[in-house]
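Subsequent text provides structure tokens for two forms of one protein chain, presented individually as structure 1 and structure 2.
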Structure 1
């Protein structure tokens, strides 16, 4: 049976052994970000599960909250923002409707279309997730002072902008 995952420094040493042109500083940053992303995703997934939500449902709740009161969007708009097909969006909304998290009603301005809205229960579920996530995130950053947090945030935004520019 293989040993547990090597430490970050061990992984970089292995990579350097196999690929001598490797920049260890770049590799350290990129692999640390990758490991952090994976572990945070697991933690957030567990938090959602304790509240009876899937990651897919959380994404819809976020989209509805992001538009502000009265927290309504057309299903096609949500699907486009999440990169889903209309059929996948319909299935997701059906589950959320059954759970009491959203409503689906005819759009008064265009009776052919439906509009998805956030229920009080859906908003409360969103708030519960946010409370748990905020506590976890505070725990995660507890060893950084405000200046370090701001600096880290600025650096990560720069990296995010670089990746976004590269992918566009």
Structure 2
């Protein structure tokens, strides 16, 4: 009963023993992807913590910045993009409101709706995170030359297109 996690190759070797019809090459890609994403999440999480931000807050800040000035979105839209229920959005915004990261007001053109906006403090937090994150990302990719980076990007986008059409 070992404590350290088996290496990717060990893992795939065991999978093949347990289930013969497995393509090792496919498995190598898929499992590397999920391991990589999990560890990157851990790394990002640590960085966020040093800035006093939770992962949940960071996700919302990103969406608000991503629409560009004047940095406004409806809660339902944010919820959809993050894969959350509207109820979860309500609570997140409550907390971020208390932290001074966002504003919330009724949409006067359609009073059913609510408008969530970014505060200056929220925008400043986003910038701080981006400065840290881009340094980390550059570190992450330092072993890859420009050609390899482009290649990797292309391959990932082809998978992304495929999975996107699958989900529709």
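Remember, it's a predicted structure, so these values are computed and weren't measured experimentally. Residue numbers count along the first chain shown, from 1. Only the largest set of C-alpha atoms that superpose within 1.5 Å between the two forms is called the rigid core.
Kindly point out the structure, among the two, that is the form predicted on its own.
Pick structure 1 here.
Determine whether residue 34 and residue 59 are assigned to the same rigid part when the chain is split into two bodies between structures 1 and 2.
Considering the two-part motion between structures 1 and 2, residue 34 does not move with residue 59, as they sit in different rigid blocks.
Based on C-alpha superpositions, what is the rotation angle in degrees of the smaller rigid part between structures 1 and 2?
The rotation of the smaller rigid part against the larger one between structures 1 and 2 is 11 degrees.
Hey, core superposed, how many Å does residue 112 shift at the CA between structures 1 and 2?
Its C-alpha position differs by 6.3 Å.
Report, to one decimal in Å, how far the Cα of residue 84 moves between structures 1 and 2 once the rigid core is superposed.
Here residue 84 registers a C-alpha shift of 3.3 Å.
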